[in-house]
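Next up: a single chain in structure tokens, the form predicted on its own.
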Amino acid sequence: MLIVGAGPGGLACSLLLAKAGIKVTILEKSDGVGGRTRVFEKDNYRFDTGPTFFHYTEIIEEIFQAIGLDAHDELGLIPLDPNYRIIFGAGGSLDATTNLDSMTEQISQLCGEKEANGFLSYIEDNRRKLRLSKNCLNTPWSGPSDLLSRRALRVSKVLRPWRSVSSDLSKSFTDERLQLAMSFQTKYLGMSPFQAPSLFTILAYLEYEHGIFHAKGGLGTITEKMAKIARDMGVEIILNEPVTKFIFDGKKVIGARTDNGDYTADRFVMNVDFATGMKGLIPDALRRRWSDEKLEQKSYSCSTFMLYLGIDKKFDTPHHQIYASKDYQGNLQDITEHKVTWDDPSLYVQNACVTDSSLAPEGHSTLYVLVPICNTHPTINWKEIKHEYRDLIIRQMEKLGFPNLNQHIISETIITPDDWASRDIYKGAVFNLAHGLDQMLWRRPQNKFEELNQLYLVGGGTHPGSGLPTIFESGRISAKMICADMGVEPDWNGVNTWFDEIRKPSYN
């Protein structure tokens, strides 16, 4: 078994396959594992490159249970309370927490008792929505005929596909600040709540119901620890070994070529940015549904403008904060129209050292700053504007409790959408293919890639989508399918080894 890419999905897949007794080799182009789920160090400060928190840990808990380990112990997960503070440009703030009594009291004081009751209704509605939608998200989809299955009919009762996240939430909340508090999480998918399908109201619910977690040393340490466990289980991880292309016999993948030679295997997993991998590793002539021309026509997520700041002091602010612009919808419209927001942009700041002092020298701290922005576009020259935009964002951070910040910056790194694109992220779309109804379920690239034989996909570009929990799920789905196709009955410590209501593929 050969996996191309040592991101979180590929590592999760490797753990399950190794436990099933399958020999696994991972080829990774860079000098470390994790992809964007990685920690980097600069000037004695440590930063997460991409994701900064863990939510909905159930999937990784089950994967670790399958291999006989405890995910919380192995990964050093630290629960946070509050989850984050959201500050509204329109006035007021909320400390989001799993304490529902506290949430209803805060909402009542901010918006009134009616909105507090709406929050409790929202929780109940999404508790049911998650229960009914699980089987849609943790099983493969092969085509529209799957819509006739019992799992699809059950979930159709709560998905309300004719609504967006925003319009769905408007049924529970009249105050736009509450709608925003329950919908900004669609940014984890790189989408606007005014466009994302109503299914994704569950994203905020997962945080309120199950909480969010920090990993000591940075979230990127989880992939480092997963890689160590994988190696201990016999997985061979070869770093600095970029694959230049797959080798084919007709439409069957038979190998992967690197500058150091060819690697052969019975099955292959692609764990790279989907569009970049398609264009770079597979000839266009072998792809009809996902040809270069059709890839250009697909919808992609937003990108991010990033600041990684090393600070010579500590600020007394929450671990996570979100500032939501007074004109939040206008901000989102700018992203859709490939414009840069210069007037009151929304942003997210992680002040991780209030929880984890290991990330900076004593008395110092790190700040991770993320601004949702459009993906790459020829009308935007980031080289020309990035320093001016950086200055604007530093001023915006005063609204989150970071006054006179310029006086305390010791180390600084700026990342623009163009920088993300230069790292093999197609169009700089850091959340991969968008998650509209036209690019979900069977309309998303399938875990067992539908156009080529012996090739499987994991990562944010395949079903069920982007975000760490779903990326881990993609690794688990592909691992199950590979075991079934190879005729392997895995001993995963009692964890379900197949899919509810889905027939096992015939072994081949």
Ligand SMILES: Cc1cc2nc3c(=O)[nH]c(=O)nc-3n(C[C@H](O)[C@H](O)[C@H](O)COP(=O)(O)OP(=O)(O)OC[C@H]3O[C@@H](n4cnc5c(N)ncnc54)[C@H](O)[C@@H]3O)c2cc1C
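Keep in mind that this is a model prediction, so the values were computed, not measured. Quick note: we count residues from 1 along the sequence shown, nothing fancier.
Heads up, the form predicted in complex with the ligand isn't pictured, but that's what we're talking about next.
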Heavy atom of V340 within 4.5 Å of the ligand in the predicted complex: no
In the predicted complex, M1 touching the ligand (heavy atom, 4.5 Å): no
Heavy atom of T49 within 4.5 Å of the ligand in the predicted complex: yes
Non-hydrogen atom contact R443 with the ligand in the predicted complex at 4.5 angstroms: no
Contact segment among 444-452, 65-73, 478-486, 28-36, judged by heavy atoms lying within 4.5 Å of the ligand in the predicted complex: 28-36
Site test, G7, T304 and D424 vs the ligand in the predicted complex, non-hydrogen atom cutoff 4.5 Å: yes
The single option of L281, I123, I78, I414 touching the ligand in the predicted complex, heavy atom within 4.5 Å: L281
Sole residue of E176, D334, D419, E241 within 4.5 Å of the ligand in the predicted complex, by heavy atom: E241
Residues within stretch 265-286 having a non-hydrogen atom within 4.5 Å of the ligand in the predicted complex: N271, V272, L281
